[in-house]
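Take a look at this single chain in structure tokens; it is the form predicted alone.
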């Protein structure tokens, strides 16, 4: 019995650490979808690009005599301005042509095709440039763990991987910074106004196109940072984004459409379910367990954890 309790505590801890990273990826997607109403199939591939950038930046920082323990996390944070700039340019040149006040079914169809095309370009571009072999960041923290004795048994110990734990803490801090930006700043008010009623926001002097550009660029940067933090635990290859984009959308729906903070808790829920399911199910059925819980939650609360049971125009 004690062995099962130890395994359950270990799975719970692993679920929380994974959930923090999943939650951050979901926050980036929720920011784009909540403000622009764009279904972005390329979001997972932006994360993939962030993972590759982080590995390259980590190698550069290592040559600059930065401490080995800090290198991966500094590299992950440095991904943000690079992908923010790339996201802003991508929005100006492509995404903006299918968004704006003149929405409708045709616009949404164009957005789907465009973001899917961007995803395919990024995947195949990474395959050509980086090859198909998985790549990861080697850090002394990845092979080290904090040992926390469990009080109920003198022989039971909780192991927390140092790299994953620090990455999870940074993910929470980045998510909190995003929540503060949206909820407490003038920029956040303009973003929320552009999301709630773009036409009315235009009448009061808000540049909706600029708000959409900032939202898309910020969502892209957040995905990149999440990827940079994740590459310590998950090796990157050109098609890794396809697996994670499903998790992102599931987390956004669980959290509630339009709720950026809810998206984080949706991602957290997915991480917990994935890890706790391994106590009773084979590893290959992790995602099956996730979507079983996903369906059950939506049966009882279709609007998600923090969504409103109303339909916005």
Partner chain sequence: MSYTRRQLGRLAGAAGLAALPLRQGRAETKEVVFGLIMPLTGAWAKSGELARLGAEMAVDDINAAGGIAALGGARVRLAVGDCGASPETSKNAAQRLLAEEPALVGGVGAYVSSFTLAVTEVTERAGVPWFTLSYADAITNRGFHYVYQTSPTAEAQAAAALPTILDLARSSTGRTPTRLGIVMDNTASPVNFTRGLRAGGAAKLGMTIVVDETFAPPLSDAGPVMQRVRAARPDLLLLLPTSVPDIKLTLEKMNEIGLGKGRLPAVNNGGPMGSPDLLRVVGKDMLEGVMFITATWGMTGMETLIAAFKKRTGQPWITQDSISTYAHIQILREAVEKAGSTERDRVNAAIKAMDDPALAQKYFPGGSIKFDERGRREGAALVIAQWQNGEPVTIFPRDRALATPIWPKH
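Numbering follows the first chain given and starts at 1. Treat the numbers as computed from the prediction; the structure is a model and nothing was measured.
One more form of this protein should be noted, the form predicted in complex with its partner chain, which is absent from this view; the next part is about it.
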>> Whether residue 134 contacts its partner chain in the predicted complex should be assessed with a 4.5 Å heavy atom distance threshold; does it?
In response: yes
>> in the predicted complex, is there a heavy atom of its partner chain that lies within 4.5 Å of any heavy atom of residue 138, even though the partner is absent here?
In response: yes
> Even though its partner chain is not shown here, does residue 261 get within 4.5 Å of it in the predicted complex, heavy atoms only?
Replying inline: no
>> Within 4.5 Å, heavy atoms only: does residue 279 come near its partner chain in the predicted complex?
In response: yes
>> Can you tell me which of 78 to 86, 171 to 179, 115 to 123, 142 to 150 lies within 4.5 Å of its partner chain in the predicted complex, counting heavy atoms only?
In response: 142 to 150
> Three residues, 14, 157 and 161; all within 4.5 Å of its partner chain in the predicted complex via heavy atoms?
Replying inline: yes
>> Could you pull out the residues of 34 to 64 that have any heavy atom within 4.5 Å of its partner chain in the predicted complex?
In response: none
